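Read the single chain below, which is given as structure tokens and is the form predicted alone.
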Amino acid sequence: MLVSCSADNTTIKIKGSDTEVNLAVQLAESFHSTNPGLFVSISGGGSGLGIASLMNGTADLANSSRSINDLELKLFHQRGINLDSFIFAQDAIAFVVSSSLTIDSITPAELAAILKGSLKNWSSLTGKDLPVNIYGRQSNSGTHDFVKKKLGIDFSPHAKEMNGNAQILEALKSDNSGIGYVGAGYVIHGGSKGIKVLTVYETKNSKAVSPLDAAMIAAGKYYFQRPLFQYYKTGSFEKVKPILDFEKSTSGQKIIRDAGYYPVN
């Protein structure tokens, strides 16, 4: 998605996380309105793609909804490239089902059983004999990687791999036995008709927390919250500094909050 285009020396190229792409576009549009001499181009494709694009020189900033991994760091080191990073927001992962499914809360242990494929029917959780259909992301997605690591699982081979958050939400609206995971910002701005966001409690005796509860996210109380990263080459700092400064500004923080994400104080 190209917000504006110009010569490379005045264009900041941002690629990567699909979780962050809509937010990045909103930030870039507002940034350009107050910095008309600078242009920002935005594209998604997943956190892994963003980091690879930074490595091969086709991106100035890599949006990533996960930390850079050891293999990626090794490849940058082999090329003599020094990196730095900026956490510009926090995100919460929402686990979403059809609004017709008779379940409102879930534990991480139950989610792990569902997503790895050992719990194949909703009967034990809802009393309804319905097969579980899993909607997830591809392996190059930072969201896929985050959920996998947080739950300590490998995903069921029967999980449907979708291209992005919006596609997952659309699938769930027409599947009354499906479950999927998306960035909370996509639920807030993607429309909630026909779907339900599950609250998550770490144990049966703890309070269930919603990924849409800003106060609980600020307090670090939601089990599936995470930082959103932007990686850049140390030598490119002066080029990307204007957009980083804007993201930290009052205007940038308001855009982050209004988009359904959580500013980093």
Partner chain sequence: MDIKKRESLDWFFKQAFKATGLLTICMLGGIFLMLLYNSIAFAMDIKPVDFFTGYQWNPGNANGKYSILPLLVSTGLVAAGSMIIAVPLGIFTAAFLSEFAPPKLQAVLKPVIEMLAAIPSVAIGFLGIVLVGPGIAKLFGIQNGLNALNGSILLAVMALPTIITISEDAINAVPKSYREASLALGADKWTTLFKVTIPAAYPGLIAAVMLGLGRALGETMTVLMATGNAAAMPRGFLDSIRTITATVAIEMGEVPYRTTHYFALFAIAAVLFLITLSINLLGEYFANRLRKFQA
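Numbering follows the first chain given and starts at 1. In this text, all values refer to a predicted model and were calculated from it rather than measured experimentally.
Although it is not shown, the form predicted together with its partner chain is what the next lines describe.
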item	value
Interface segment, criterion being heavy atoms within 4.5 Å of its partner chain in the predicted complex, picked from 107-115, 157-165, 78-86, 93-101	157-165
4.5 Å heavy atom contact, Ala171 and its partner chain in the predicted complex	yes
Interface membership of Asp18, its partner chain in the predicted complex, 4.5 Å heavy atom rule	yes
Heavy atom of Thr126 within 4.5 Å of its partner chain in the predicted complex	no
4.5 Å heavy atom contact, Asp175 and its partner chain in the predicted complex	yes
Sequence-ordered list of residues in 134-158 near its partner chain in the predicted complex, where near means a heavy atom within 4.5 Å	Tyr135, Gln138, Ser139, Asn140, Asp154, Pro157, His158
